[in-house]
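The chain below stands alone and is given as structure tokens, in the form predicted alone.
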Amino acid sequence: MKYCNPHIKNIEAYKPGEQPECKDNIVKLNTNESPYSPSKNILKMLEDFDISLLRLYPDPKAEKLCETIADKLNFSKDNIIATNGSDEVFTYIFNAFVSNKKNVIFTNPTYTVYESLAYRFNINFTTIETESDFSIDLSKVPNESNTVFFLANPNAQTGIYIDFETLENFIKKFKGLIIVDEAYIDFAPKGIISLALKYDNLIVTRTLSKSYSLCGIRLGFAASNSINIEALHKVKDSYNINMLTQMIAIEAINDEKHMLENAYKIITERERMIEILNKMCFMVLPSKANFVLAKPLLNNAKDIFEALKKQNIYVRYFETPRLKEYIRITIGSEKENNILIKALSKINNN
């Protein structure tokens, strides 16, 4: 690292969940992917795609895609920026709105990319501990004009959800900039994105990875007033969304019925899994995401994680002070979840 910037040498890169090779005997419940296929309309579009178009650059602003998103939200395309996953828009937010003159705030725990970006940009930040039940006390966020607050809702590691009214009451009194990450909102009662134009201090981010079953295309977006979106465009990479991703995303968004049906199935399975795990001596947080965070009361969490892995069942374990007693379980299909339940039952009985 001879030529590396000094502050980069000592930071840790973001650690994604393990990605085992896809095989029939693998039960992968560790990275909050959907167990269901995306819209079949995508397949028809790809079958009809003119491959010669790939010699051309894609639309640099993904305008048709942004129009499609905006139409669903009753916004203008000037209120939307499309990005290579939510992570890219967080990078743009750091570029456009964050500096060491700002008071940058995250909760703990939350999506670890926020912290990774702060280290990458050499930005000082403060974390606010969640309560003993992992709920977030918004009154602890400094209400100052130089505060930039990143809030995942539902929260990325816990699934804890802040209701619409509580969050709006906070936003309208908040003097700083708030970024609300709604990656999991389609599994929760109601998102805040409808307020993205009402409050000029609000940027809302979403992704097609979870509820639209499209982790593989890496498509996210942000919604805000046109001034904030213009600032993000000023720091945007050229041609950041490839042609096929733009086309796939449009097909998926236009088939909202398919997404809602899949989300409903996941919500139904989530509630079933919470009930079963509680009966199996796990303490399960009241998740409104497509995963649950569960604390085993009979065994060590890391031991369970390792025992499941030996059986080709992958869940997520975080070796951090607040989470080391828990495992995070993505809600899979009924079949996948039943395989997990059976394996956990055997572990408990050993």
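Quick note: we count residues from 1 along the sequence shown, nothing fancier. Bear in mind that the values here come from a model prediction, so they are computed numbers and not experimental data.
As for the form predicted together with a small molecule, it is not shown, yet the points below apply to it.
- At a distance of at most 4.5 angstroms from the small molecule in the predicted bound form, none of the three residues Asp186, Ser213 and Tyr264 contributes a non-hydrogen atom.
- For the candidate set Phe150, Phe75, Phe90, Tyr161, a heavy atom within 4.5 Å of the small molecule in the predicted bound form is found for exactly one residue, namely Phe90.
- Here is the short version: of Ala156, Leu167, Ile80, Leu202, the single residue with a heavy atom within 4.5 Å of the small molecule in the predicted bound form is Ala156.
- With the small molecule left out of view, the stretch that reaches within 4.5 Å of it through heavy atoms in the predicted bound form is, among 94-102, 175-183, 276-284, 241-249, 175-183.
- Interface residue remark: Gly191 is not counted as part of the site for the small molecule in the predicted bound form, having no heavy atom within 4.5 Å.
- By the criterion of a heavy atom within 4.5 Å, Tyr119 is excluded from the residues contacting the small molecule in the predicted bound form.
- The small molecule in the predicted bound form comes within 4.5 Å of a heavy atom belonging to Tyr111.
- Residue contact with the small molecule in the predicted bound form: Arg218 places a heavy atom within 4.5 Å of it.
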